[in-house]
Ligand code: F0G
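Shown here is one chain on its own, the form predicted on its own, set out as structure tokens.
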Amino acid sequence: MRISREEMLAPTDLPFDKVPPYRVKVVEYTEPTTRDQRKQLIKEVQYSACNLPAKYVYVNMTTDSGTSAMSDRQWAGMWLGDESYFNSKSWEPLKKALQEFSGMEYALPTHQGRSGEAILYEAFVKEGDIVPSNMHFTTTRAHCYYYGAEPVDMTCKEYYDEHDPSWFKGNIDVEALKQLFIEKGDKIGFVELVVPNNLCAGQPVSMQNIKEVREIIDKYKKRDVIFSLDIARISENAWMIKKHEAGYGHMSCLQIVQEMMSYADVSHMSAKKAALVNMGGFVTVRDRTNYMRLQPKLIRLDGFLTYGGLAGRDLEALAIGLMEGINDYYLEDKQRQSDVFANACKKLGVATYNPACTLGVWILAEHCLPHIPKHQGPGTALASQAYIEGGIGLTSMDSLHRGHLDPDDPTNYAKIQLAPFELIRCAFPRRVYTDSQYEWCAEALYKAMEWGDKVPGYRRFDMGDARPQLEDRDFGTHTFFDEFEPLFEHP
């Protein structure tokens, strides 16, 4: 390999706060479309960005999962992949990287993040439990329902004020968490913290907040409690701590991650995000007994303990990408691109949730299309119109798509609680798009917003008997396949 991890972080006077710390070696051509074509295409897939054929999406910001551009170091490493079923030699470099990254001795590879969630929730979450979190991701919420537990979201109060200038609005409300332990601690055996808080506009979690959660668990627990971190994007959270939390500016992002992990008992990662791979995940475990509890579950669901459903070449790429994703120069550039897009939106009057963090940018669709009521999905409407205008793919996180289910009656859509904000997530595929492409995305959103009340509200598409009712244990997965329809035609 031509450049080592150490060499990648060597001191420099090159302006990596203004330009990327890498250069592009391979390009992928996109398929040109016209506005009329895009208007027909989005209609054919029931106005769902998730169902659009990717070849018709010019800039795809629907997700940052598995969409990273891998480096020459990763592609070279894949040629070393050992495809032995048992004890592949490709497991060794990954195991070493996971131990260094997490500070935990034990690790299990998984084919992606949700299979890591699956074995953790099967092992540690029981029927009747309460599982507190700063905000459960959709699949973690689904795992709670699957095992008969209740997911409880306790996002800090600062998040709900869009004008609050705080940097760590993804924190869990520690006072509410403490009170929950005092009142119902006998039902709490698992606490989940998502760092950063994906469903809350990608807002980061402070080191102080992580420490306080650990202290509350240790002081108020009434049974054994597992403290888990969802670390799919922990590197980007580390950058925000480095830049905005007192006492961490002198530390590398790897050192910050290691401190974050030191307070947890287990972690799970969809490595398709911050580890810069197209497929893969893992679980890390501090305690050997808990590690052995997870072993049979991994074997049943994903494969043997040293490959976890991944090819040897995937293990090699992950071992390299995990450490490239924690590179300070790279993270500085990712924050820079996030700021480029956020500033382009601000210049055009497209409302964003602030601050814009390293993970991505969230649009406040209720300010962009104020004529659409919350229950009619202004985020859904704006995302569809922006695709028509500019061929960009976005993910709606509004009340229509992701309002909170009533835990006592989760299939009753009439009881879904409205979301605090009508968000669109603009995810940033890592090392993929240029500044000018992100500026085009801001322009497409502006063009969509300019149609004003000509943009229709939405309702849930009634499939009648075509789709069977969800089983109780599948609640929470509906956001991946629900379909919607506009109240009238898009302009």
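Please read all numbers here as calculations on a predicted model, not as lab measurements. In case it trips you up, residue 1 is the first one in the sequence shown, and so on.
As for the form predicted together with this ligand, it is not shown, yet the points below apply to it.
Applying a 4.5 Å heavy atom distance criterion, does G391 contact this ligand in the model of the complex?
Answer no; every heavy atom of G391 is more than 4.5 Å from this ligand in the model of the complex.
Flag D230 as yes or no: does it have a non-hydrogen atom within 4.5 angstroms of any non-hydrogen atom of this ligand in the model of the complex?
Heavy-atom contact with this ligand at 4.5 Å: present for D230.
Does this ligand get within 4.5 angstroms of any non-hydrogen atom of T139 in the model of the complex?
Heavy-atom contact with this ligand at 4.5 Å: present for T139.
Residue-level question: is G113 within 4.5 Å of this ligand in the model of the complex, judged on heavy atoms?
Heavy-atom contact with this ligand at 4.5 Å: present for G113.
Contact residue in the model of the complex, chosen from Q40, S65, Q437, N51 - any heavy atom within 4.5 Å of this ligand
Looking at Q40, S65, Q437, N51 one by one, just S65 meets the 4.5 Å heavy-atom criterion.
Single option in S270, S133, S206, S102 placed near this ligand in the model of the complex, where near means a heavy atom within 4.5 Å
Looking at the other structure, the residue within range turns out to be S270.
Hey, of 452-460, 437-445, 57-65, 28-36, which bit sits against this ligand in the model of the complex at 4.5 Å between non-hydrogen atoms?
After filtering at 4.5 Å, what remains is 57-65.
So, E117, V194 and N198: all three within 4.5 Å of this ligand in the model of the complex by heavy atoms, or not?
Verified in the model of the complex; spot residues all in contact, yes.
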